[in-house]
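Heads up, the chain below is alone and in the form predicted on its own; it's given as structure tokens.
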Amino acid sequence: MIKYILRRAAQSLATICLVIFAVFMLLRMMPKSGYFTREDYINMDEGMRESYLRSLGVLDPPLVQFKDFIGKLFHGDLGRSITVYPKTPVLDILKEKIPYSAAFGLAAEILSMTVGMAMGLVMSREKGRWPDRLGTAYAVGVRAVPSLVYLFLIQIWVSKQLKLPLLYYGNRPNSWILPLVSMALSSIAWYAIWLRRFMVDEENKEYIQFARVKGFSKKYITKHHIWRNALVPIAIGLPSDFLLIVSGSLVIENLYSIPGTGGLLVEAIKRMDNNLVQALVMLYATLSVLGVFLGDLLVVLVDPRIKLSGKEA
């Protein structure tokens, strides 16, 4: 078990390092205008621009730049924003933005798991009946229809019908409802449809038939056998889903003007703020790799029968 954890941790760390290297090198190919504010670029002549870029180290060989970046990274220096928040340290910006994304993401994940798993349980129990068909129609609709379509309808039509604000306001709790629900819709469908599928699969296995023959009640079988075993494949995706939703929704934060990291990345890309884009892409990539790693470990906790050692690893 320990050997497996150490090996997976080393693999995850190596993946994160490769991602950081790839993102850094790709952004070195971006236009150098991304290191200037619009006013500075217009007011500087070619010689002044070159001198400014040289002072930033942007004109050094890429590997030299990467070495300097890693050295600063270990000291908590992610550079400074250039166009979005001129001359503001990127780390200070993230400290301000992450709490908004984390709060909405955590609430949305709790809502998704609660409603989605409850739906999955009902759908599996009422297999073939109208609750199952209704839940399946919802899951298929949410997964098949482009998210921008129903997110826009929620923002415009639902907000009008329920008299809710179109945008987020920190001092108005009723303005938090629509973005929270919007963030949870897709995950609710995911939890519901997959839990329903895994529970139905477990019900048809031989050990469940044997438990019924032995006289165990349906409630006991569902709780101690079907439910626990159906959670194992879902547990793999839980950490990844949680970390990604906590890191901020690119579309929803932008739609509702939530001052989190999701909307910040969209704005940074629009305004070609290379340092800010670099930090945010690395953050999202690191969370993705970390989510996969934690998912592997969570499976062992959910199902103690799985042994990640020796040949079984």
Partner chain sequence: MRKMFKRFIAVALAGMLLASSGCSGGAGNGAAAYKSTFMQTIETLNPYLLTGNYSFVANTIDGLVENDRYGQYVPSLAQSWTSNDDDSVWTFKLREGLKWVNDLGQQTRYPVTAHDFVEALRYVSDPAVGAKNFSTIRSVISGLSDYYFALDDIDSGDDTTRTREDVYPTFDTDVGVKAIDDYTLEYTLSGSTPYFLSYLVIELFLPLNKAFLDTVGESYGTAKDKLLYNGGYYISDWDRDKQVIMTQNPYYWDKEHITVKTLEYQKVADEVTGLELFQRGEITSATLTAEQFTALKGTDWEKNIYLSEKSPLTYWFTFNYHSDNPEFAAMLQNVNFRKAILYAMDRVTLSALWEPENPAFFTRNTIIPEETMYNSKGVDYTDQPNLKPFKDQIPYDPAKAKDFMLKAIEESVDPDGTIRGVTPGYVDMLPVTDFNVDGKLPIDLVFVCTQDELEIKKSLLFREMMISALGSENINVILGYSVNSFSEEVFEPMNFDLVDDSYSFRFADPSANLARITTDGSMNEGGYDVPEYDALVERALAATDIDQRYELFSEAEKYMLENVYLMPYLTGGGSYNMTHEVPFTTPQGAFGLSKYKMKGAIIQDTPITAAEYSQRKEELEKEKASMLG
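Computed from a predicted structure; not experimentally measured. Rigid core (definition): largest C-alpha set, two forms, superposition within 1.5 Å. Numbering follows the first chain given and starts at 1.
A second form of this protein, the form predicted together with the partner chain, is not displayed here; the remarks below concern that form.
* To do: Flag R28 as yes or no: does it have a non-hydrogen atom within 4.5 angstroms of any non-hydrogen atom of the partner chain in the model of the complex?
  => R28: no, not in contact with the partner chain in the model of the complex.
* Contact of R38 with the partner chain in the model of the complex (heavy atom, 4.5 Å) -> Yes.
* Asked: Is there a non-hydrogen atom of R80 within 4.5 angstroms of a non-hydrogen atom of the partner chain in the model of the complex?
  -> Residue-level check for R80: yes, a contact with the partner chain.
* Touches the partner chain in the model of the complex: I156 (any heavy atom, 4.5 Å) -> Although the partner chain is absent here, I156 would touch it in the model of the complex, with heavy atoms inside 4.5 Å.
* **in the model of the complex, the residue from Y100, W190, W176, F198 that sits within 4.5 Å of the partner chain by heavy atoms** => The residue from Y100, W190, W176, F198 that makes the contact is Y100.
* Asked: If you check I110, V181, L167, A235 against the partner chain in the model of the complex, which one has a heavy atom within 4.5 Å?
  -> Filtering the options by heavy-atom distance leaves L167.
* For the chain shown here without its partner, which stretch in 213-221, 92-100, 118-126, 198-206 has non-hydrogen atoms within 4.5 angstroms of the partner chain in the model of the complex? -> Of the options, only 92-100 has residues within 4.5 Å of the partner.
* Hey, which residues along 51-70 are within 4.5 angstroms of the partner chain in the model of the complex, non-hydrogen atoms only? -> Stretch hits, in order: S51, Y52, R54, S55.
* Is L255 among the residues whose Cα moves by 2 Å or more between this form and the one not shown after superposition of the rigid core? -> Stays below the 2 Å threshold, so no.
* Asked: Honestly, after the rigid core fit, is K72 moving at least 2 Å at Cα between this form and the one not shown?
  -> Yes, its C-alpha moves 2 Å or more.
* Asked: Using the core for the fit, does the CA position of D40 change by 2 Å or more between this form and the one not shown?
  -> After core superposition, the displacement of the D40 C-alpha between this form and the one not shown reaches the 2 Å mark, so yes.
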